[in-house]
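Take a look at the C-alpha cells below, where one protein chain is shown in two forms, each on its own, as structure 1 and structure 2.
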Structure 1
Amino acid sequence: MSKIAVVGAGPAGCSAAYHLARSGHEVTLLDKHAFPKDKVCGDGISIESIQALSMMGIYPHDIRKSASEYAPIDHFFLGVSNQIAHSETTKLQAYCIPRFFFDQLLFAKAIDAGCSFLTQTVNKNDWHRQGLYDAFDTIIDARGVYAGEVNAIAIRAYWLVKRQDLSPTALAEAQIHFDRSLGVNGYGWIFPVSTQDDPIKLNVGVGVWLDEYQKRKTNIIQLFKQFIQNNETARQLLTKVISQEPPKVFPLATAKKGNKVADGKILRIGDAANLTDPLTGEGIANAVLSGFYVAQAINMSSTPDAATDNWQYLYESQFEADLRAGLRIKALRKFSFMNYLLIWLMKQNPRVAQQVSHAVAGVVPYNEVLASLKY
C-alpha cells in the first residue's frame, strides 16, 4: 500500500483517486476549490466518456438519478461551413451535463471509495515547500490545463430556449461545426445540456488553436460573435433565445508531440498531461481513462521509479496512437482544399459521412479511420 497525493479533483484526479483508493492505497485528494464547483466546458460527455465512467461504477442510471441537469444525446451532427449538415444517430447514448453537476458526481465516488480531501492550492514549485514530495510515495498531477501546455482557447455561453421552439431532434443532438470563419481548425458547438425542464438550456461555444489564433487580429469573443452571425443554425437559434449567461473563456491543453507524462515521482494525467483531442477539444474521456491507467501503472509497480516508467509506457500504448492520428488529421486540414475535399466526399458517399461523423463524435478512434483509408 502506498501513500498517494492526487492534486486536482477534476475528472482525471477523481478517477485516479477512486481507482487507487479501491486498490487499497492511502489517497489524499487536494483541490484549490471546494465542491460543488464550476468548470468552463462544452459539457459534452461522449460515448467513450460514458464507457470510462462505467469503470468508476457510474452508469447512465446514476446520471439520471443524481445530476440535477442533463441531456441524453443520441444524434451527432457534423456541419462544415454551412455546406454540409450530416446527422448520425447512434445506438449508444452520450450525455451532456453541466460540469457543476458532473464533477460533483465523480468527486462523491472518489470520497465514497475512501479518499480524504483537502482544499489546498498547490503550485508547481510548492511540491517541496509544502512537504508533499517527502510525505507521499507518489504524486499525481491532475491540476488541469495550467499544469499542461496550453495550446488552444475556447469560450462557452449558456442560452435558454423554450421547448416549443426546438425540434425533438435538437433536444438530443450534439452539434459540431467546422466553420472556416473560425480558422482552418477552429470549431463551434451547440449542445443541449438540460432538457428535463422548460426552458431548455443549451451550451454554445467555439474553440480555436493558439498557433492559428495568434496570427489573426481578433479575439475569442469576436470569433464567437462571428460564429453566431455566420453559422446558419447558430444565427437562427439566437432569435429564439429568451435569456443568456455571459460567455466565459478558458484555455485547453490538447495533444502534443513527444509528450512526457511522468517526471520522477510526479505522474501527470488528464489535461495536465495534454490528453485532450486535438480536433474537437474533447478531454473528459481521456481524463477519466488516464485516472484508471495511472492507477494500473502504480498497482503493477514494486517501486515509485517503476511506476514512472510504467505510466509513460501505458500512456504510449493506450493514448498516443489516437492522439497522433488526430494531430495528423489536424495538420492535413491546414491545406484549405482538404475542407472542400471533405465536403465533397461526405456529399458523394454517405458511408464516408457516417465514418467522419462517428470519428468526430469519438465513436471510432481516429487511428482506425486513418488505417481504413489505406485499403
Structure 2
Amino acid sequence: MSKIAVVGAGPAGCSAAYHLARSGHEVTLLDKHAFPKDKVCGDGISIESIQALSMMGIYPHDIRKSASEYAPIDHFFLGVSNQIAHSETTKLQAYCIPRFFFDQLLFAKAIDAGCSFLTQTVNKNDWHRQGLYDAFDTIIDARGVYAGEVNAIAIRAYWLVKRQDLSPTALAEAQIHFDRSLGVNGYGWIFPVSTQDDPIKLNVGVGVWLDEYQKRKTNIIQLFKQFIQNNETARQLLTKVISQEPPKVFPLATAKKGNKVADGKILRIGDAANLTDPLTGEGIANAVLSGFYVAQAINMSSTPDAATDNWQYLYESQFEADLRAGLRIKALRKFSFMNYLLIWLMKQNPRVAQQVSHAVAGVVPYNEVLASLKY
C-alpha cells in the first residue's frame, strides 16, 4: 500500500483521505487550520452531493440529528430579476447547512477511517522545500480554490427573519435570480440555512465572473447592495430582517477547458482542480466525488505514474463532459434574452421545467438539459 499525503481537509480532501484510508493506505491529512473551522461559502448541499456523501456513510438524517443549523430544500426557483420566474418542486430533498458544521463532520469521518492529521501550511508549488515530495508516494492537492485558478467571486450575508414573515414555500426554497446588473452570467441567491428555530437564518448573496466583474467600475460589495435594492424579492425581504451579519467575500474556481488535474505525483481534486459547477458555483458534489475517484485511480494502479494517468483519465470520463456542457450553456447566456427564454420555456413545458430544475439541484446532467431543449 502507498504512503499518501492529502493536503487540504475540506470536502475533497476528507473524501479522498477517507476512501484511501479505508483501502488500507497510510494517509496523512494536512490542513493549515485545526478543526472545527469556519468557511465562507454558499452552504448549499445539492442532491448530487448527498448521493456522493452516502459513499462516506454520511446521510441527511444523521446530519439533521447532529447539526444545530439545518434546512431541507425541495423547491428550486429560477427567475430573471423583476421579470419572470418559475418554482419547481423536487421529490428528492437537498439541504443547506453552514460549513462550520458540515466540514467538521467530513473531517471526523476521515479521522475515524484511520488518517493521521497534521496542522501545516503548504504554499503553492512548495512541495519540495517542505519535504513532502520525497516523503510520500503520492500527494493529493486538495487545498481549495487558492490552489486552483480563480475565475469567479461571490459574496454572502446571513439574515435573520421571523418565521411568521416567510411563506411555507420560502422555508424550503433555493432561489436563483439572474440579474444583468451583475454581468451576463451573474446571479443572486436567497435560501434558508437554518429553519429549526425561530428566527430563520437565510443566506443571501451574489456571484459574478471575473472577466465581467473587472469591466465594472465598482466592487463586489456595491454589486451586492445594488442587487438587494434592485431585486424586488430581496428588497421586500430586507424590510423584514431583524438582524444581519456583514457580508463576506469568497473566490470560486469554476470549470475550465483543457483542464489538467495531474502533474507527476501531484493529483489535484476539488476546487484545486477547478471542478466547481460553471453555472451555479456549487462545488461540494464534484469535490466529494473527485475524492472518491482519485482514490480509485490510486487503488487500480501499480505505480504512482500509473495513478497519475488513471486520475486524468477518470477526470475526463467522469467529470469533463458535464462540465463542458455547463460551459456551453454559460456561453449561450451571453445573449440577453436567453435567461428569459429559458424560464419562459419552463413555465410552458413541464418536462423542460423538471429537467432544468433537476439540473440546478444536481440530479440531471447538463448535457441532458441541452438535449431536452432541442425537442
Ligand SMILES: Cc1cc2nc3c(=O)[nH]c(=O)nc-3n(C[C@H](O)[C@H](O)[C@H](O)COP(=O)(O)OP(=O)(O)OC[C@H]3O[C@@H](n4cnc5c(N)ncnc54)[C@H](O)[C@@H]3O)c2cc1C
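Note that the structure is predicted; figures quoted are calculated from it, not measured. Numbers follow structure 1, counted from its first residue as 1. Each form is matched to the other, and the largest set of C-alpha atoms that superpose within 1.5 Å is called the rigid core.
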Review point. Do you reckon the form predicted together with this ligand is 1 or 2?
Key: 1
Point to revise | Shift of Val356 between structures 1 and 2 at or above 2 Å (CA, core fit) | key: yes
